[in-house]
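Next up: just one chain, as structure tokens, the form predicted on its own.
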Amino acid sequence: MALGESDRLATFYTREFGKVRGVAKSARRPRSRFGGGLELFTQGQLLFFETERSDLARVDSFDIVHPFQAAREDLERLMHGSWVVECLGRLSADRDPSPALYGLLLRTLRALEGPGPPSRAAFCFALRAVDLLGHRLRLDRCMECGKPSPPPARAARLDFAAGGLVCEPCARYGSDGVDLSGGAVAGLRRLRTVSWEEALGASLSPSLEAEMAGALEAQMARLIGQVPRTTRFRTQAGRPLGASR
């Protein structure tokens, strides 16, 4: 974000310190020492200093390691990548390091540059991020009656307030959640257990993937407290999460 006449306010997600927000002095001037380092998705080496008068750090330098330029040059990859970083930025606390989340973000950015559909990369990110952020939903049994999760032919409700799956007889009308088919429940459970590469390459019908992705997107919006700006933009552009093209 622009700050003042020539400065820039930048947010970084770091391995050692978690989310860091800082001011890059003179970053918007033509001959800035930051060059193109402060572009979206860019990975680099950050040098910053604490300041006593503000929660914002002073960014001294940011040396590019990998720019992930391909993720910025294609509209669909840019939209899905922007959703990923918005969700991470809004759900992570300042200076709360999580090496696992940092690694997940890097894997997602690499997948966005790869040949696969960017919607799948964003979907796989969401599936793992909610767990790493401490919001894992229980999918193996009903949170009300305790019965095992429904077989593929049955439906259930993913109840965010209850913390997991609620079977059809126990589901309350108007509860905070989304309805899911038994196949979508089984798919989410399976994708939780496989490796990152297997999840990216898993064979899923478009309708099933869209159903699972929609549930994860609804959970993200609920955790954030509102629909992310990037979700609204992707919807207007006809690029919902999980809709491979």
Partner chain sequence: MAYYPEPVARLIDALQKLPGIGPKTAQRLTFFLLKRPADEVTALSDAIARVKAEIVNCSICFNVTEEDPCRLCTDPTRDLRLLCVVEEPNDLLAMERTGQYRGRYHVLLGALSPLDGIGPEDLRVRELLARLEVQPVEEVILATNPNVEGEATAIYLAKLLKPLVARITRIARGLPVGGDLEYADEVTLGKALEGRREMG
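Positions refer to the first chain, counted from 1. Please read all numbers here as calculations on a predicted model, not as lab measurements.
Heads up, the form predicted in complex with the partner chain isn't pictured, but that's what we're talking about next.
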Report task. Quick one: find which of 182-190, 31-39, 214-222, 195-203 has residues within 4.5 Å of the partner chain in the model of the complex by heavy atom distance. Result -> 31-39
Report task. May I ask you to choose, among 175, 82, 92, 98, the residue with a heavy atom within 4.5 Å of the partner chain in the model of the complex? Result -> 82
Query raised in the report: Wondering, does residue 69 line up within 4.5 Å of the partner chain in the model of the complex on heavy atoms?
Result: yes
Query raised in the report: According to a 4.5 angstroms non-hydrogen atom cut-off, is residue 140 in contact with the partner chain in the model of the complex?
Result: no
Query raised in the report: For residue 75, is any heavy atom within 4.5 Å of the partner chain in the model of the complex, or not?
Result: yes
Query raised in the report: residue 86 near the partner chain in the model of the complex, any heavy atom under 4.5 Å?
Result: yes
